[in-house]
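Shown here is one chain on its own, the form predicted on its own, set out as structure tokens.
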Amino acid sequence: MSKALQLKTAEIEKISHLDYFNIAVSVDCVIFGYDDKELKVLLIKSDLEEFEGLYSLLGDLVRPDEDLDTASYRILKERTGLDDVYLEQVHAFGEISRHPSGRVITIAYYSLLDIKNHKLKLSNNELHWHSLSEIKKLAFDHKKILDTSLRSLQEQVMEQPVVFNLLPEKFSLRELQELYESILGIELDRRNFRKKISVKDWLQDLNEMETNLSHRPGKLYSVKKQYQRKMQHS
């Protein structure tokens, strides 16, 4: 006959594992932007002496009274003034020595936005956009977080309609291909790209043409409403 399960209270569990309950949790936001045919990321100057002169992602500790998603939108609002941006959880990073103040596990979120339609409302600590191609080193392990988030984006772009927040509401197939090339870091064959996009059925033909261009105008499209990614937090 099996023995009855010996139950313990949550308080006893906490007392017997005090070190386990002294680990901080943070959120880091990887905000990708697109401008002038170039993929960029939003960075802020680190205010920690240990990382003097280095930039970091937008992050902060999660408060005791908030969940992860709430923390991600709070941090974004406090650092940039933006409150209409969709954020998606990417990955957790928990190397023991990743934070100089102690054990901190961070959860990375990423977002995609059209820089021209999202003007930053704050500029504290030299907050501004940086071209991905120019970033060599960041504070903490933020370069690793950035690289991981970029790989996640690259893995999704041809299978899921994730990139359209980087474009204006109306765009041409040429503009869409240029965006894909900036994300993937490669040149794409025009005919093959258009064939792959057409079978996805993500786009709505607007029956409009580009205007005021020096080159031959292309047809304009928008992403179908069911694929539009909106902010899920209020």
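Numbering starts at 1 and follows the sequence shown. As the structure is a prediction and not an experimental result, all values here were calculated from the model.
Absent from the display: the form predicted together with the DNA. The rest refers to it.
When contacts are judged by a 4.5 Å heavy atom cut-off, Q226 does not count as touching the DNA in the predicted complex. Not displayed here, the DNA is approached by N192 to within 4.5 Å at the level of heavy atoms in the predicted complex. The DNA is not drawn, but in the predicted complex it has a heavy atom within 4.5 Å of L213. Of the heavy atoms in R174, some are within 4.5 Å of the DNA in the predicted complex. Note that among 193-201, 64-72, 47-55, 22-30, the stretch whose heavy atoms approach the DNA to within 4.5 Å in the predicted complex is 193-201.
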